[in-house]
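Shown below, as structure tokens, is a lone chain in the form predicted on its own; questions about how it binds or moves come after it.
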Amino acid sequence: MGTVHAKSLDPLPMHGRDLGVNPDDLMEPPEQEQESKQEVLENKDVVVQHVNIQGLGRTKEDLLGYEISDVFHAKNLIDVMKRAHVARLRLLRLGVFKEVEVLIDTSEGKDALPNGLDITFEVTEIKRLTGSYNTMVGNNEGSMVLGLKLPNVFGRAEKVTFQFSYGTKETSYGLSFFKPQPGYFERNFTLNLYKVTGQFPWSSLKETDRGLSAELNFPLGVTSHTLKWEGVWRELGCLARSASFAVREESGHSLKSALSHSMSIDLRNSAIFPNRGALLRINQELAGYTGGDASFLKEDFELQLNRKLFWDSVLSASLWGGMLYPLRGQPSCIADRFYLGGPTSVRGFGMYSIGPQSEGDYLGGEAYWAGGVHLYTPLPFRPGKGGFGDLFRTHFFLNAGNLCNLNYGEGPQAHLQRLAECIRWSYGAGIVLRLGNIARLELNYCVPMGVQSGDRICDGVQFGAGIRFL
């Protein structure tokens, strides 16, 4: 909770006649005196008269008023301490302070009330320029990230960030500007300027994106929403001379301008090892109506349910699905389609090696579904319980899914029948390692089933790293 100092509201009576007892009766054990003093502090009604903030430099005071105003509604000392702690966390969340300490004291001065309190927040601002170096785990890839940050640029928690990332399959750099709404940090606006170069060996494809995006994030009830516009100049090329004609045909330059919306409800108690709760995430993207060459409507969703069983075991079920509908008679682009397979989705198959392919290059599909059931348990005999051992889980899994292209001249029944054909599935067991609360590693023994011609399989041990797993 940081450092919280509190003084007594009133001195305890020190004369027998004030208490209605003899002076000798005042000789009580120290423990009892401490308890009655604590009772006075906890139960007496108080009024927060003044709130002071010390240590401000470039931060504007009007921004902080939204974050600390709730302490004025406190009714007693315990309530004051709780609300002051919440206010401290809200101040730290702004990303403009390195340290925040809280001092609670009795009010002094001409306007001081007998039960008045003054609260002082002692803050230390972050430097004007900060740098960072870290590593990042993506879906079966890793990268080194270097960053420069200008926090609190205009004094109201704005942030300018430059970031360079060099990874196993992707290299990128970008400049972003972040602006939260005062008093509602979850409502924020972000502007990004970026360049990303990626390699996709499963498709013998390389792609360079140069783009600009603007996004608005806001909560609505229990849901979180993101509205985004993105304009990107895409350059597609062949990664190898052996690339298939279908991939060479996709090579060249194109412009994409798209509007997208994402909605999520996350009621899980952990993003990596949840033992209860549910997750629902729905994404929509519409391209072509604000310019550009690409024109399509794209929808996808993710659903996850978790339930705790006996002996700290957890049953988890997941379902993914999506569909891409080309507009204006234009065929879909290989860069916009869905991909399926690998250690982060349908285990036992190669990375994105399910579905349509040409001469060994996987082209993606316009519709897919994937489902999985997991039973997570602690390590056998619980080594390292309460410490390092809690980062590990064993799991038994059953995965299934399919990816294909649809004939949109047919009806929904034909589409469902198409998705139900040639289902790939697998089962197995493995060990899962949690990396913080954002990523995880898996080492599994997989048995792929339902293998179709052209699929790449990984029969046996398979390693996976990522932030999103089926």
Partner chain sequence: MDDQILLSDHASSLSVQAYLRMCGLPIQVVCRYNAEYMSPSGKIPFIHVGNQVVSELGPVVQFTKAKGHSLSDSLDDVQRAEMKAYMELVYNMLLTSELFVQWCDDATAGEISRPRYSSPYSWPLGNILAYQKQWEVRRKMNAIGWGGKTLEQVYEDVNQCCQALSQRLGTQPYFFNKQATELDALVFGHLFTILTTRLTSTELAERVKSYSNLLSFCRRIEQTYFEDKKLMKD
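Given the structure is predicted, the values throughout are model-derived calculations rather than measurements. Positions refer to the first chain, counted from 1.
This next part talks about the form predicted together with its partner chain, which is not shown.
The chain is drawn here without its partner chain; in the model of the complex, the stretch among 391-399, 251-259, 270-278, 121-129 whose residues come within 4.5 Å of it by any heavy atom is 251-259. The single contact residue among Phe381, Phe154, Trp311, Phe245, judged by any heavy atom lying within 4.5 Å of its partner chain in the model of the complex, is Phe245. Contact with its partner chain in the model of the complex, judged by any heavy atom within 4.5 Å, is made by just one of Gly167, Gly365, Gly292, Gly211: Gly292. At the 4.5 Å threshold, heavy atoms of Arg241 reach its partner chain in the model of the complex. Although the partner is absent here, Glu359 sits close enough that one of its heavy atoms falls within 4.5 Å of its partner chain in the model of the complex. The shortest heavy atom separation between Trp233 and its partner chain in the model of the complex is within 4.5 Å.
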